[in-house]
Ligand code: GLC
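In the form predicted on its own, a lone chain appears below as structure tokens.
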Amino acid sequence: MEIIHISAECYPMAKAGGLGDVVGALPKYQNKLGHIAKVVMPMYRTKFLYENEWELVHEGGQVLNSNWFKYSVIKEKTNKLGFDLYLVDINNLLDREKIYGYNDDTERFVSFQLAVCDWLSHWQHKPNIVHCHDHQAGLVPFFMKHCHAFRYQLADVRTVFTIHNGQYQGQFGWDKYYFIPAYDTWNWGYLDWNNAINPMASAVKCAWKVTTVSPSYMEELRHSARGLEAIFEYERGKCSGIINGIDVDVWNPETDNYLVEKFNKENVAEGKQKNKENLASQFGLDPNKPLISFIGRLVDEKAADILPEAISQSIYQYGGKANFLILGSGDPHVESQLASMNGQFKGYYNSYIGYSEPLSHIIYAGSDFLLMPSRVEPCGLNQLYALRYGTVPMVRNIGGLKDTVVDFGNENGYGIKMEQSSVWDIVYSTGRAIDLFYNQKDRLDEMRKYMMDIDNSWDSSAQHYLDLYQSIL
């Protein structure tokens, strides 16, 4: 089976969040299972681009907004990621350093999808599956099935659409209808939702199968999807949730070169302590206290706006019995609040505003608890990384967090769960963490070993996707 993944992100070429991690790992594991999986993405000007060797495989042109544009497709030569990686370049649109955040993002990603469909239509053979990820690839199923330029070559190719975050749908007004290549006008309804062209809604309507990254999140989308609730209810027969996996080659405390001290479940306590001591020396914290960390985007979805108050109250209420560490960036106001606390709570709290891949690995390894009070969490990968490194996840009972963490108050439990994204819930959960750390050492050691044994690799999830593909071939 040949699978083409179309995505705006793929680690390590370009990553802004979990989408990059998924697309950087899933194809590798599908190849390991005996299939041919490839990734197509935009050619951003990133460090990875300049550090590797590429070959030109195709050149072509398409029309956007009545303007003819040329595109080229290059391929990474060595297959170093475990799959073929193709980059699409379009001058003045995709030749930029950042993935998102430009005023012309709509034009950028529509043109990218047009180029991909044009390229695929020129193949001598056809792939079995075109797997589109998030709204930046959401128009591809419509283009393949209904647009005159592509449907004669691609209409019969099966498409799968995966929603990594339903909050971002890519909608734009019908005043830009000319971005869409010619199609039979009675099919306009496949593009429309609430009087706008909505790529995510279009993909849900047009793809053969629709998935999201956890069963609970798929259920939640039927009740809370920023206006798309009805479409998920109507199309529920072709929708399913498949939990993401993690790349256990990258996230492995026994082989992780970012760590100060590598470890496995047999010496987890000692290994974690060495890494915690390194963090404590970097950030002025006490290595003998429990370390509660947050890693992620500082945005409302992650409930980052309540972190300053929740951390402050936790430090005061429990007399500084726990330390807190933040790694992330996002809302400038939240960044400023968290940074200003560094001096106020010196010795109890610190933050690194920004992102550092090496530091994130050490935090997963050296922390005792990972805080994830998310308002929205389709799957969540951070809690899976935490489990792999013997770090207890403190999570809200929602989305993928609901599916992957069991509260330690239940049989075979290994996490701390909260019902709401609130200051009170975080403070209360912090109290449970402090009690577990100081008063239930043996239980904590057992939980760490149990967590590290849980198989959250891509092996199982990759097979679920292959089974899904097979069902529509």
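Only a predicted model underlies this, so the values are computations on that prediction, with no experimental measurement involved. The first residue of the sequence shown is number 1, and the count goes up from there.
The next section is about a form of this same protein that is not shown, the form predicted together with alpha-D-glucopyranose.
Annotated contacts: Pro42, Arg108 and Gln171 are all free of alpha-D-glucopyranose in the predicted complex [non-hydrogen atom within 4.5 angstroms]. Contact check for Pro141: every heavy atom lies farther than 4.5 Å from alpha-D-glucopyranose in the predicted complex. Although the partner is absent here, His131 is not a contact residue: none of its heavy atoms lies within 4.5 angstroms of alpha-D-glucopyranose in the predicted complex. Looking at Ala14, you'd find every heavy atom of it more than 4.5 angstroms from alpha-D-glucopyranose in the predicted complex. Taking the partner from elsewhere, Asn244 is found to have a heavy atom lying within 4.5 Å of alpha-D-glucopyranose in the predicted complex.
Judged by heavy atoms within 4.5 Å of alpha-D-glucopyranose in the predicted complex, the contact stretch among the candidates 263 to 271, 194 to 202, 81 to 89, 159 to 167 is 159 to 167.
Taking a 4.5 Å heavy atom cutoff to alpha-D-glucopyranose in the predicted complex, the contact residue among Ala225, Val334, Leu279, Cys379 is Cys379.
Using a 4.5 Å cut-off on any heavy atom, the residues of 14 to 30 that reach alpha-D-glucopyranose in the predicted complex are, in sequence order, Gly18, Leu19, Val22.
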